[in-house]
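One chain comes next, on its own, written out as structure tokens in the form predicted alone.
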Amino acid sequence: MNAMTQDLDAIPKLNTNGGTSLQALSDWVAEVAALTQPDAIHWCDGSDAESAELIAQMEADGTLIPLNSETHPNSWLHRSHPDDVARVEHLTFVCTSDQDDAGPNNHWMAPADGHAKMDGLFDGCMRGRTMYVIPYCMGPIESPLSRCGVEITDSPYVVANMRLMTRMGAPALERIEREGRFVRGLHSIGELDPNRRFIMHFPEELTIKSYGSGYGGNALLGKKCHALRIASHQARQEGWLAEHMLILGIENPQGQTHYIAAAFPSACGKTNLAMLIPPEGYREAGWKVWTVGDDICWMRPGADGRLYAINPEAGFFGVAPGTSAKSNPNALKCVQRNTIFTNVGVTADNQPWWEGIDDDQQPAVDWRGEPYEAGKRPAAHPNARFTVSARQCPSYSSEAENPAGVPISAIVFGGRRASLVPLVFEARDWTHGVLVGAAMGSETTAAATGQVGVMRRDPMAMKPFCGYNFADYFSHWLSFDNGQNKLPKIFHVNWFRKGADGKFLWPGFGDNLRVLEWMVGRVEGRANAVDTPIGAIPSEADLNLEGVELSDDARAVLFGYDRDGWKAEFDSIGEYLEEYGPRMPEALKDERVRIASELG
């Protein structure tokens, strides 16, 4: 504390609280303070008292608007700037010494240029503001799989969200001081000017710099920036995987639980699947689904060779529109209290409202704070969010706090594909599975700026989040098949296949458990499938479809494959893999050739 105060003596009118015994952290905070010139520094301890003080401050200045205390106690609405409502992939850079290490999947800038650009923006940007120092742990505090970071920000909204999304405060600081290592994240909302907005990642330095945005994915640096872009770099060096995946547990009537990790692009149903409620017949039979995580998964081989996974997050940053008692009753129950809503509409009695909530309310005010007018704009922004502790989820699993993680039986890839891709298929082996993930395609959603509904390749749902060259990333995945590890089976699903009328063919939601049950059966060696060039596909007789109404055409499409369509798909996949040049592992190219030749 004394050293910290002395370091800051040169900064006029600066107040401090807290501090650290770790000199590297103390020095960094002093350097940032000298650059940004805040009026005060606050070291976050994560306490209830601190949270109450920050909430009161944000209520007073309008950053947070209290919602109906009877229907949604301890809950607030935040409205971000209308030009600051989603991730900005085109302004997100990976700064590595060698441009090829960042790869064609990332925007690149030389580290020296990246630092110069960002430090120019940060110069004096916190005058008149408080600088918050947020020590946090991604994953259970005592887990060897967890990694720590410190985010410095001038946004109390970020502090409030990081408190929900991470293990933040004194326990995290104690681990950081004990280990002596941490990811450094510097953030300022700046002027919220889209022309002065950048997110820079320096993987070789374990550093993140984000300026000009207050939106979650750009500002909550523990989330995509640390837990995926920086962590994927760490994972490659240290022999594990940092993935954009949910983790759920499926407990059968005999009390046995299998854990599944599943990768879907943002706003493609990860949270819905993670919190799935079994159909009535399954519930009556004793099936249960447990939520470990809804967005990010860190996996490492255990002593027995199986992959063990933790959810590095402590909360959910979910998409509100479309969340309803039908689509995701568990999520709806989660957000009835202790929740921060961002860019939703509100009703006349100040309850949060969004399109698809399917209640009897009507919005009175839209996400911009203007009187709602039907047809002018949606009441809630399509990427409106809720931030809430994972512990409030009715299906929350206590295994989410297991320091050892949970053993993964199956890995699932999936995206939005209106045509071609069947309901589910199983990869032949690990190499085929890596190709399935690498070739994954999905239609874009409102979670990122840009056109919605365009099909793009999104390998392992990591296109916006992989912190290094995808070719090297695929090689890293392949390296786990070393003859010692007992790897999970790999599957691909498509809940979003449409018929000629443009309507979804599969009911989805709780009925997705029928597909997961088949996967578990395949893992256990007791479920049947039909071998095809693209993988093992169940016949309709292999799934429990009792109570599911499907037309003959739907059954043919969902449980079949279009040979000519897949020929064209594998030609496209070949062209895509070539985009990564000589670093692309030959094993993947050979696997593509093998399947293409089987297709004829």
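Keep in mind it's a predicted model, so treat the numbers as computed, not measured. Numbers for residues come from their place in the sequence shown, where the first is 1.
The following text describes the form predicted together with a small molecule, which does not appear among the structures shown.
- In terms of contact with the small molecule in the predicted bound form, the residue from H233, H78, K489, R87 that brings a heavy atom within 4.5 Å is R87.
- Contact with the small molecule in the predicted bound form, judged by any heavy atom within 4.5 Å, is made by just one of G437, P382, G217, P363: G217.
- Within 4.5 Å of some heavy atom of the small molecule in the predicted bound form lies at least one heavy atom of K223.
- Remark: E243 does not count among the residues lining the small molecule in the predicted bound form, judged by a heavy atom distance of 4.5 Å or less.
- Residue contact check for E151: none of its heavy atoms lie within 4.5 Å of the small molecule in the predicted bound form.
- Although the partner is absent here, N494 lies well away from the small molecule in the predicted bound form, with no heavy atom inside 4.5 Å.
- In short, of 521-529, 223-231, 125-133, 413-421 it is 223-231 that has heavy atoms within 4.5 Å of the small molecule in the predicted bound form.
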